[in-house]
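Quick heads-up: it's one chain on its own, the form predicted on its own, in structure tokens.
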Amino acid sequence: MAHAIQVHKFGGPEVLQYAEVQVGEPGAGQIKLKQTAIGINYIDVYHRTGLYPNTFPFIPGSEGAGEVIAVGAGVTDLKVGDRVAYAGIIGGYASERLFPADRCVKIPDGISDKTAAAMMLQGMTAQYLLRKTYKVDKDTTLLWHAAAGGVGLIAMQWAKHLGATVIGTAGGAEKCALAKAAGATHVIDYKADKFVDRVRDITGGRMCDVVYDGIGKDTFPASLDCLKPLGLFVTFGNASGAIEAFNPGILSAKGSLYMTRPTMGTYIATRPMLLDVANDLFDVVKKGIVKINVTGSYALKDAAEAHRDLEGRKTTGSIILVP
């Protein structure tokens, strides 16, 4: 019998209930996946708390990897035994699940299931943010909040490879050291320093071309003060809570700034787009440009403990569930 984590009401980690589930057989265009590893991401917290509502009961989790154990009608490019990974469709906290075949990608040789499960959502997020939302290159100066988090550590490595001047923020000496080791040119301990002042010092007052912010409420609107005129503010997460409504005139007052709230679904909306983003990620991982740091592994039944650690900012890098 398959098992999954179900949510029957919004709330804290205690609402994550481990239960037996019936998965059924794949329909047309679907595969049945026996999962070997499941990624844990902050978006899972948003689903659990109701910030991103779902219909009860639901299974959280938007990332995983495993083996195809059955294929439905019309599936021709995947077969039983293939190793595949995915990101972006809720229902991942399960030992088995049904999944649209065209939303999976084959895991290349040389990349383990655990690595794939830990990198798909975070890695593809870093890919579209650095390569598409703003095309980072050697002339770019960027600020990245939560540089020691899962997406952050991937982004530090990738942005360094692209030649950018990378300023990362993190909380405490240990996390700052991780961000620095991953490739940040400069690291700011937001617990000890005001990051706007430090960015001004680091850049000699020139400030940044782009700010990437997955924190939300706690770093806004100060993040806007880190941008040069015509700079881009990229808000892609709400770890401290959502940014509250504001007068867009603030963007004008601070230098005709741009602001965007991208989501991965838009960047992988079609299969060719998905393969483009995923294959770029696989390429930098296989070449050793980006190393995926799986720092924690929890049994599927212990998902609540994993969420407590994630929300308590006790984790760095990527953490996974193992069925």
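Residues carry their position along the shown sequence, with the first being 1. Computed from a predicted model, the values in this text were never measured in an experiment.
The next section is about a form of this same protein that is not shown, the form predicted in complex with a small molecule.
Residues of just one listed stretch (247 to 255, 147 to 155, 95 to 103, 79 to 87) have heavy atoms within 4.5 Å of the small molecule in the predicted complex: 147 to 155.
The partner is absent here, but in the predicted complex a heavy atom of 264, alone among 292, 264, 31, 278, sits within 4.5 Å of the small molecule. Think of it this way: in the predicted complex, the small molecule has a heavy atom of just one of 240, 112, 203, 165 within 4.5 Å, and the residue is 240. The small molecule is not drawn, but in the predicted complex it has a heavy atom within 4.5 Å of residue 170.
In the predicted complex, at least one heavy atom of residue 41 sits within 4.5 Å of the small molecule. The small molecule is not shown here, and in the predicted complex it never comes within 4.5 Å of any heavy atom of residue 107. Looking at residue 215, you'd find a heavy atom of it within 4.5 angstroms of the small molecule in the predicted complex.
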